[in-house]
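Here you get one chain, nothing else, as structure tokens; it is the form predicted on its own.
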Amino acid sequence: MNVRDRFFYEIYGQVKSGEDVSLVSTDLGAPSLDDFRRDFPQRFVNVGIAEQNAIAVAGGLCLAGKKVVTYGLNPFPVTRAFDQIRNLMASLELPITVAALKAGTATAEAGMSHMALENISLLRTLKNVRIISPSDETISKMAVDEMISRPAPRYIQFDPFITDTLYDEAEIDYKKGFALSGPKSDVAIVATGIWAHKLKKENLPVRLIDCFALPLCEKEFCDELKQYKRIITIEDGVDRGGIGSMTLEILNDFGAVIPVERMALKFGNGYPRVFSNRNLIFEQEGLTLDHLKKKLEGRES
């Protein structure tokens, strides 16, 4: 199943076991929510297409002692409700979990207005908000475990094209925020979300660092990066403020000098003005496996 449904089925199981979790939806459903709405109607609130109101309602429920998840369609739970996230979650530290379907260019067919290109960049500017991008079902399931055991402000984005279990729970240190796979080499690839998923499956002969939760443990992350002569970051988002920027910032803060090449969405000719699709955008932006492999082979700078 996809990572969103794994998340909501896990919440359903937790509530059946006695956890006090409420869901606030912005008029968005899912097959994995059908059982929850049927069996726990008093815990399900549909506020309509009103993302700002969803965060406000969730804040009220949190103040009443509830664990709350809001659910909406990206990019709107962040771009429309940034003020509410900033004040209620970052400032007041209300333990709301904002769960959002679609990440990056996953909704390219709906046009520029529906692509969540800047969400990670925006939320990285806030203190106290944890950003989670599951690259497999295990990380998605563990996000629920963390939400239950350590209530805190969180944003979780689900890419609908991420399915399957790629990690065992024993491989994941959730507090650390990143997972390692692949053999050690001179090059490390830093990725998140769909690209971490793709590269984990691709099994390239280099180290993959899957940054599934931000902010991550910066010293441990930097200690890992110091082992490589070259770093490539790749992400389905804008090149400013994302994991490429994060990697450069952390290396700088710890005084490490390692070449970093960033693969991300630059939109040198401006944002797309026609309806498109993810694969076409990746091709136009040089954000493909072929381009990455050429970089690894030194055939493309």
Partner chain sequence: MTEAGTRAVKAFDEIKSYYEKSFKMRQRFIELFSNLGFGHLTTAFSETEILIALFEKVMRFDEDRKPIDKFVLSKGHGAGMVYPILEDMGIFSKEETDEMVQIGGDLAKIREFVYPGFEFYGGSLGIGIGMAAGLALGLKQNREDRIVFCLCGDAECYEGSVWEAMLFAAHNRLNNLVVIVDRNYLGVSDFTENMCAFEPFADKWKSCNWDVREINGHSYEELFDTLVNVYKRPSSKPLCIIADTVKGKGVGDLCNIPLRHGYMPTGENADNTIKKLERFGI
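Numbering follows the first chain given and starts at 1. Bear in mind that the values here come from a model prediction, so they are computed numbers and not experimental data.
The same protein has a further form, the form predicted in complex with the partner chain, not shown here; the description that follows concerns it.
Checking 54-62, 27-35, 250-258, 270-278 against the partner chain in the predicted bound form, the stretch whose residues place heavy atoms within 4.5 Å of it is 54-62. Here the marked residues T79, A106 and L123 all miss the partner chain in the predicted bound form; none has a heavy atom within 4.5 angstroms. Not displayed here, the partner chain is approached by S22 to within 4.5 Å at the level of heavy atoms in the predicted bound form. In the predicted bound form, the partner chain lies farther than 4.5 Å from every heavy atom of L166. D173 falls outside the set of residues with a heavy atom inside 4.5 Å of the partner chain in the predicted bound form. Looking at K266, you'd find every heavy atom of it more than 4.5 angstroms from the partner chain in the predicted bound form.
The partner is absent here; in the predicted bound form, the one residue of E220, D83, D186, D145 having a heavy atom within 4.5 Å of the partner chain is D83. With the partner removed from view, the residue among A110, A152, L180, L92 that has a non-hydrogen atom within 4.5 Å of the partner chain in the predicted bound form turns out to be L92. Applying a 4.5 Å heavy atom cutoff to the partner chain in the predicted bound form picks out no residue from 239-275.
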